[in-house]
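Take a look at this single chain, the form predicted alone, given in structure tokens.
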Amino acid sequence: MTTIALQQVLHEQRSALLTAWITQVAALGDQHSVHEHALDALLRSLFDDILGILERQPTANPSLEHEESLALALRQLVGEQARHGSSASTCVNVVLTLKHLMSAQVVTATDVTLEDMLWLEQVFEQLTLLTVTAFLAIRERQITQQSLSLLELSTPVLRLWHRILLLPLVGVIDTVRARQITESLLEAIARYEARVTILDLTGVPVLDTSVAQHLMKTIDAARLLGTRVVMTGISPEGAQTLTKLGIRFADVISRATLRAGIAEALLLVGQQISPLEGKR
């Protein structure tokens, strides 16, 4: 066990340390959006676990990774802060604030040894490392989820008309996005039994060999499900580039504008747009 002096300091100052910690953490700049009662509960739970660690016998290289209760409390606290927009430095400051409060109390105790001070330093080094690791893990998960959401939003397959689908493509098409485009389109074709699919390339800035290959694979897969493909929106520069590269989209109907492509798709399913005046 740690020395009686350190135990006595932590025991005597327990309430004061916890109160001061909660007050100072609440005063940090990024804490205004975290619910006060939720923050207090998380801090109290983490405080109890930290004191439990400090009351143990000092070791040369303390490892807190297997302290399930402490790790859970720390992840919950960091997760709550991250969801409310707190930065990594703010999360670390929460831990360091408690370290500074404890150090200020311990250093004034005459019976506290150097070993106790080193033990306090080692424990908070591990806590800081766990805090940074937890924050990075949470942010990485958030970024991954946001990337998947943006990827889905960037490939919307629209049901334009009965058995007619529209897939407007915007931005750069890489391998990952091409796979998402193909999967989304094939699912929509099967769901709506589409006979015609319009691929609008107006928003694609670059048409090169790589993009053309991705498009050809998507078109071939769509054909296997029985849909005709109408390609629209290829710019004059893009058309010249594809011609120079010798790329041909065989059996693909191409129209200069989306408007013309929609008219062509309607004709393929036996429909057309006509003025209301002509029917009166």
Partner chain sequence: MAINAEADIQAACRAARQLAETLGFSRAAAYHIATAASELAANVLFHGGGGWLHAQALFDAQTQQALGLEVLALDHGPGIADIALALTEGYSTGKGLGCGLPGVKRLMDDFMIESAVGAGTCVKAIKWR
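Numbering follows the first chain given and starts at 1. This structure is a prediction, so every number in the text was calculated from the model and none was measured.
In what follows, reference is made to the form predicted together with the partner chain, a form of this protein that is not presented.
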Hey, in the predicted complex, is Asp174 touching the partner chain, heavy atoms inside 4.5 Å?
yes
Does Gln213 reach the partner chain in the predicted complex, with heavy atoms at most 4.5 Å apart?
yes
Applying a 4.5 Å heavy atom distance criterion, does Glu193 contact the partner chain in the predicted complex?
no
Would Leu207 count as a contact of the partner chain in the predicted complex, using a 4.5 angstroms cut-off between non-hydrogen atoms?
yes
Listed residue (Leu54, Leu70, Leu28, Ile247) with a non-hydrogen atom within 4.5 angstroms of the partner chain in the predicted complex
Ile247
Enumerate the residues of 235-271 that have a non-hydrogen atom within 4.5 Å of the partner chain in the predicted complex, in sequence order, or give none.
Ser235, Glu237, Gly238, Gln240, Thr241, Lys244, Leu245, Gly246, Ile247
